[in-house]
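The chain that follows stands alone, in the form predicted on its own, written as structure tokens.
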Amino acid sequence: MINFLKIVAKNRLAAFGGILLLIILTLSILAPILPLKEPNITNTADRFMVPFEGGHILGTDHLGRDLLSRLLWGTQLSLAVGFAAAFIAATFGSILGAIAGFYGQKTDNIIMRFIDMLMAFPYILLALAIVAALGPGLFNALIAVALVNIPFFARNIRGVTVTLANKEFIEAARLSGMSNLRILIVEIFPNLLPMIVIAMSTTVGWMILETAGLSFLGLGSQPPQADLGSMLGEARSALITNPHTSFVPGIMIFCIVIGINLFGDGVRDALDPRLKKGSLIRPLPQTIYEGGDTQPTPSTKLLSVQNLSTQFHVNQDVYQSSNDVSFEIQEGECLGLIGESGSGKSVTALSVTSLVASPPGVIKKGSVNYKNENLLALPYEKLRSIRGNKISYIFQDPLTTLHPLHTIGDQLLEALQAHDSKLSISESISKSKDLLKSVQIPNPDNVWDVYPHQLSGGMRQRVCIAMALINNPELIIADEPTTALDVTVQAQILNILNSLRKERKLSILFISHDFGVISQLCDRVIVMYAGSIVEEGPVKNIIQQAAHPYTSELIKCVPQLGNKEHALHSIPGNPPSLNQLPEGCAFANRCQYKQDQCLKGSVPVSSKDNRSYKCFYPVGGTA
């Protein structure tokens, strides 16, 4: 609960709404014990007193009744009716929606057609009709408001339930022998609860307004009982001559609705795990670069990355995802980037073309030299002309990379024509289909008109490779493109990339966590740990004799097929948190060779056999 309130409090608007709502609730609850005048006692001699006249802080109404007293008592009643209506609507609407979404078929059709029938009427007219049938009164107004809002909850909860009902954990519950009722209560309802709370927090304000509207028309609370709507209705005849009698309840309604809506937004953010860290904030099209317009050192290499440092600023924490990373890629070379999950590989690769999400990502310093230009300092339009054209990206999961609502052909044409609008449609189609053939997709004419979900994982990854190649790039960044594939398809994808590299003289930055994959494709390899490069050099040299203990441990983790005596190796311990990196060598707490020297200060870069490493005590060497 404390963490929940802390998350809400970080949203200033939500905190303001919560404080405003708390003040209103406190005053209305304390109304019976506060030194207030009786709300229903009339005194026509004191009618229409202005605020602070005759001991009346907010003045009096047309019958001389104290407005402050009636306001607090009326607020208490309006809040009670609004929350009660929201609870009733949420309860029945959620039950109907959950049953319809879970059982589907005829049950779904019957329930949802009834909901559609209710939604066919304007909700305020339907509420008026219900009150007219039941008769005026605050309880009848509560029922009417609750009934007209049931469809809102039913439709929202039904949509979420349909998605949940097809999940694997529901199938597992059925296989375990759980009844449908128990699945609904134990498995479905806990997943629906945040959605229900969020929907309630955003609808309470509406229901208070709707109830006030019915009371304003004389169909809600009846004299002498007062709520905010009836106070407005009684004061409308004196709006011109005595406007304070209308302003007092009107301002209170405004404050209640604003407070509930602002606080409801904060509740939504706190309950949604995706919003706790701001992950759904729309990122900028280009990563924030704080290094200034750094002129990179001239280089003959295709790509030269110098002292690249990328951070993530989350609340008060700063995560050092890449720290002083430097490397070069030659034309036609395949450079491997390897390390455990969370070592900074993908962030480093995304930083090359400023694709790290900002916020919260920030490139603090460094440069990316591509043809003697710093890509990080380029204006967005110029950088956009390089992305997907000169430097292409193959992402890890092709199913999320490809658009689910467009055919393969449409997406290939879009990727081509975004950078080369001079080609005609027929030329673009011909070139796209030739690329599908080059990545070993049989029957490209058939694949052209299908959607991504109709293809296997290997076929989708081939399409992504074709899309990356469609504009004849000079560099391809492949971020673990074979991770989700089986061994056979993985080998095919690696062979395709290798043959295309040789045919087209492509340069490839290949990201992986598997030294077995790196050894098949790459010429050189960079080993990253905790955001820093710990070893770099030719693949063959490093595999034969790794210098850094971390590299040695990674190589031991490669399984050896056919060797029954070879036990599956794992690296002991866990990587350090990137927002609390230790002094000295970050790998020291997991290293069998560590000494006191490893725990202090920075570790220098040493060179040996055409490679470099950061270690005081290398494997098989001396300090």
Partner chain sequence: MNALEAINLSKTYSDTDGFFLKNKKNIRAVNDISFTLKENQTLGIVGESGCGKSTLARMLVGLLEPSSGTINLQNKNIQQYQRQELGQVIQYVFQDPLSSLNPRKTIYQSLAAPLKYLHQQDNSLIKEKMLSVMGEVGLKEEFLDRYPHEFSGGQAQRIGIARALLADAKILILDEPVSALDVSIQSQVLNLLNDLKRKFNLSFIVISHDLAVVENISDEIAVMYFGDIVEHNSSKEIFQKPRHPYTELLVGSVPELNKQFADISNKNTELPDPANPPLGCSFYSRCSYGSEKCQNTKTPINSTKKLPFVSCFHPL
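Rigid core (definition): largest C-alpha set, two forms, superposition within 1.5 Å. Please read all numbers here as calculations on a predicted model, not as lab measurements. Numbering follows the first chain given and starts at 1.
Here the subject shifts to the form predicted together with the partner chain, a form of this protein not shown in this document.
Among Asn307, Ser519, Ser237, Gln396, the residue placing a heavy atom within 4.5 Å of the partner chain in the predicted bound form is Ser519. The partner is absent here; in the predicted bound form, the one residue of Leu134, Leu118, Val162, Val186 having a heavy atom within 4.5 Å of the partner chain is Val186. The stretch among 463-471, 121-129, 212-220, 175-183 whose residues place heavy atoms within 4.5 Å of the partner chain in the predicted bound form is 175-183. Although the partner is absent from this view, Pro190 contacts the partner chain in the predicted bound form, with a non-hydrogen atom inside 4.5 angstroms. The closest non-hydrogen atom of Met459 lies within 4.5 Å of the partner chain in the predicted bound form. The partner chain in the predicted bound form is not approached by Gly55, whose heavy atoms all lie more than 4.5 angstroms from it.
Not displayed here, the partner chain is approached by Phe169 to within 4.5 Å at the level of heavy atoms in the predicted bound form.
Using a 4.5 Å cut-off on any heavy atom, the one residue of 414-446 that reaches the partner chain in the predicted bound form is Gln440. Once both forms are overlaid on the rigid core, the distance between the two CA positions of Arg113 between the shown form and the other one is 2 angstroms or more. Core-superposed comparison between the shown form and the other one: CA of Phe102 displaced by 2 Å or more. Relative to the superposed core, Gly516 shifts its CA atom by less than 2 Å between the shown form and the other one.
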